[in-house]
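Just the one chain here, laid out as structure tokens, in the form predicted alone.
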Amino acid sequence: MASNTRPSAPDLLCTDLLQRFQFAILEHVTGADFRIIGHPPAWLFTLYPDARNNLPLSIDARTPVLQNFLADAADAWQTDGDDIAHSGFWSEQPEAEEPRHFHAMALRHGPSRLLLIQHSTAAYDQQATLLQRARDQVLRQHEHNRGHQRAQHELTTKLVDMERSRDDVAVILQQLGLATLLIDQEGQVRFLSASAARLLDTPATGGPNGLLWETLLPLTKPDRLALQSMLQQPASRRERVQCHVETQAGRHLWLEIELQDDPRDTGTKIMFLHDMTDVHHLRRLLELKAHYHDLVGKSRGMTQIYEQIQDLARVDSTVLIEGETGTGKELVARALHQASARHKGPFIAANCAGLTDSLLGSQLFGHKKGAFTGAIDDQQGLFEAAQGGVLFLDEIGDIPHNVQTNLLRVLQEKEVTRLGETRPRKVNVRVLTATHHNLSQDVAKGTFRADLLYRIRVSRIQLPPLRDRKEDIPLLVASFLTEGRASMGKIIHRASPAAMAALMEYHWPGNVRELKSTIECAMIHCKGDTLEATDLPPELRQGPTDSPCEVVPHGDERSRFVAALGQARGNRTKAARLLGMSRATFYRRLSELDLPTR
């Protein structure tokens, strides 16, 4: 531009902004020499008096901090990207003057290597206080909600002076981790923070490009109307709006949206997005538990189970719940109890496996003081403890034969006799039973009484194994991730496609219990917010080499054990894992089936 040409309006605006923000712009020439761009501020001459002679400005030991910063600046100038190197604040104290505070940034603009020096004395204490408060707020966000609100208010105030310095504002917002949108009077998104882009699964590159906030936030009609109404309210009457959003990636979010006026123009709004998804899931999980919906699944097999539970909850008959280990037999029993008229009574669960005759008889029916060695006091049994409620007898197929006789009499007569007593006691208890055995085969072998089987099998529920309802696996994974977020405190939203494929291909011999343990194990190893295939246990990462039909056929129990031993090449530990049971249970069943234990 010729020297006699008047500066244009944009040039005057840039000059005015540089003077307002106290910036000096230097272009690197060579070594430590720089050329001054534009009109230098007066304070630059206090640092380098020789700059008045229009000579190259040499950064030397007069400003040691700035001289040391040149090494970091050189690294930023070498990159082709948008990297900006920051020096941080430093102080200089010219003779007979108050200390002055400065901040430098190094960046590359095309071929030019620029060094921006800002005189920041007025903002030094305020900026330091703001950043410290922001760091404390991130660490103690839940404990210091009021401090969080003050940080947001101060951040909003800072936008008045910092809008034209967009890079600095973006850095501060990113450090705070606040999901923030700036919306103009036409409803267009003028600014979208990196945290907001990650939260909404929106690409951060390129900016919002005038996108309407209704498009960026695909809300339901009631939520959209509520937010539009709150945008019209004065600041003193605004409240947080609770909204549900489904992102482009299909992730469901529950947000609390807070609105603040832009201090420059009340028509422009600043929108803060607070992710309340974990709180929502935790509340929903608690509601489900309170309403006995612990069973998860929408497959046809599970919907039939739900219908059976509703039907059987209306009557008071005994129920036999059958299914493999880990399919959730106790959850079904608890659902029956919660849905029935006995829901206000106790729910007592007893595992019949692994107890001797005397211990199980005493546990079920109670005993009198002195009835056997160690009986130092009268003790009521589980039947009496469950009075008015439900007694759940798990693994009833393992109950000793003589206890079966006593149990049959209790079910027929509705009365128990404590060990060591002769007087029966009336009981009002609904009995629910469960087993992974084929009780009809046990009756044929003589290990289970036929009359007891017919007495407990008035009604029956057959739980499908997980391999027969794999369409429920995504729902179960989502449920277990929600429980893990509440118990472990780790924010893991989803499983990656590769991890989900591995979960869907695995045959799950341990059923839902094994799946839950697998998800808990993977969450421990997960480093991000998504479960990867590498986080899963080794047996899932090896691929679907063991199909359920090849490993454990659907024949009788002896055939399943023989097949598992063959698949494991005689390794008892691996065979027990394939069958989804502990080693102790595996060895006990080997002995009962007359199979070698070594």
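Model, not experiment: these values are computed from the prediction. Position 1 is the first residue in the sequence shown; the rest follow in order.
There is also a form predicted in complex with a small molecule; it is not shown, and the following applies to it.
**Student:** Quick check on Glu324: any heavy atom within 4.5 Å of the small molecule in the predicted complex?
**Tutor:** So Glu324 counts as contacting the small molecule.
**Student:** Wondering, does Leu331 line up within 4.5 Å of the small molecule in the predicted complex on heavy atoms?
**Tutor:** Taking the distances in the predicted complex, the answer for Leu331 is yes, it comes within 4.5 Å of the small molecule.
**Student:** Can you check whether Leu364 is within 4.5 Å of the small molecule in the predicted complex, heavy atom basis?
**Tutor:** No - in the predicted complex, heavy atoms of Leu364 and the small molecule never come within 4.5 Å of each other.
**Student:** In the predicted complex, is there a heavy atom of the small molecule that lies within 4.5 Å of any heavy atom of Val512, even though the partner is absent here?
**Tutor:** Yes.
**Student:** Looking at Asp223, Asp394, Glu92, Glu256 here, can you tell me which has any non-hydrogen atom within 4.5 angstroms of the small molecule in the predicted complex?
**Tutor:** It is Asp394 that has a heavy atom within 4.5 Å of the partner.
**Student:** Of the options Val296, Met500, Val241, Val427, which one has a non-hydrogen atom that comes within 4.5 Å of the small molecule in the predicted complex?
**Tutor:** Answer to the contact question: Val296.
**Student:** Would you confirm whether the three residues Thr405, Arg449 and Leu593 all fall within 4.5 Å of the small molecule in the predicted complex, going by non-hydrogen atoms?
**Tutor:** Result no, not one residue of the spot touches the small molecule.
**Student:** Okay, which stretch from 475-483, 106-114, 243-251, 409-417 lines the small molecule in the predicted complex, with non-hydrogen atoms inside 4.5 Å?
**Tutor:** The contacting stretch here is 475-483.
**Student:** Quick one: in the predicted complex, is the Cα gap between Leu579 and Pro464 smaller or bigger than here? Answer closer or farther; it shifts by 3 Å or more.
**Tutor:** Farther: Leu579 and Pro464 separate by 3 Å or more in the predicted complex.
**Student:** Out of closer and farther, which fits the Cα atoms of Leu579 and His401 in the predicted complex compared with this form, where the change is 3 Å or more?
**Tutor:** Here the pair is closer than in the predicted complex; there, farther apart.
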